[in-house]
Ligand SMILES: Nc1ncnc2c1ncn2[C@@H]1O[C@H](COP(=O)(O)OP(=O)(O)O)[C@@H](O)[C@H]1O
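One chain follows as structure tokens, the form predicted on its own.
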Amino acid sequence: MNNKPLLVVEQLSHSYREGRETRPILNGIDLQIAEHECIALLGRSGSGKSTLLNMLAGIDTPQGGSIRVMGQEIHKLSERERTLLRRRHIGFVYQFFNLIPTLTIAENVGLPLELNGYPEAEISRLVGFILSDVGLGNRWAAFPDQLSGGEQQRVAIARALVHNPAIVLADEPTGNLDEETGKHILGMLLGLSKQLRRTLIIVTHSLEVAQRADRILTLNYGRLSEQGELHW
């Protein structure tokens, strides 16, 4: 594995207001993630896993510390610059799919390419390839409500990978699926990320999911701890 840091977090801190109280959720977190690594992030509900993921994507801004993605300190970028970095270099897989219901499957998957200014012919070519990879090459004209939950999540994975991002962030990608479907989706996400040599960070409650990763990180009381190295 290439050990070049792709993502570097230093002394990251953040807190929320709860009435008159301030509740720390991230407390001086340090983290380095290398290119092509698969990281599983565990933690109880409310521990800040999704908050951390959103900060790594530049969606939320930390109150303290720094985040460097591909050498850029994203917390110092303008909102437009963060949007462009995310659009070009980051793919996101959500628990609840977040597909646009009025767009076909092909249009949903092709949206990152369209936003990045790809020519129409290239969009069609790349969308065709990735839909075939996730086993939906014959469903390109369907709409999200015509698909099962597992199929919708496969579309979400295709959308996250189609623009060849350096980093894929997955927030409980199997949390809204039954156990059997979730295992299949997880295997697909891990396999495609490995095949395409993407850096993958998965937020999960499942130790079984985590054991498929290279490293397991646990977020507890605002601190990160590592549970040893595993291999997929």
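Please read all numbers here as calculations on a predicted model, not as lab measurements. Position 1 is the first residue in the sequence shown; the rest follow in order.
Below, we refer to the form predicted in complex with the ligand, which is not included among the displayed structures.
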item: is_contact(Ile25, the ligand) in the predicted complex, heavy atom dist at most 4.5 Å; value: yes
item: Contact flag, Gly48 vs the ligand in the predicted complex, heavy atom cut 4.5 Å; value: yes
item: 4.5 angstroms heavy atom contact with the ligand in the predicted complex for Arg17; value: yes
item: Arg44: touches the ligand in the predicted complex, heavy atom cutoff 4.5 angstroms; value: yes
item: Stretch from 190-198, 50-58, 159-167, 63-71 whose residues place a heavy atom within 4.5 Å of the ligand in the predicted complex; value: 50-58
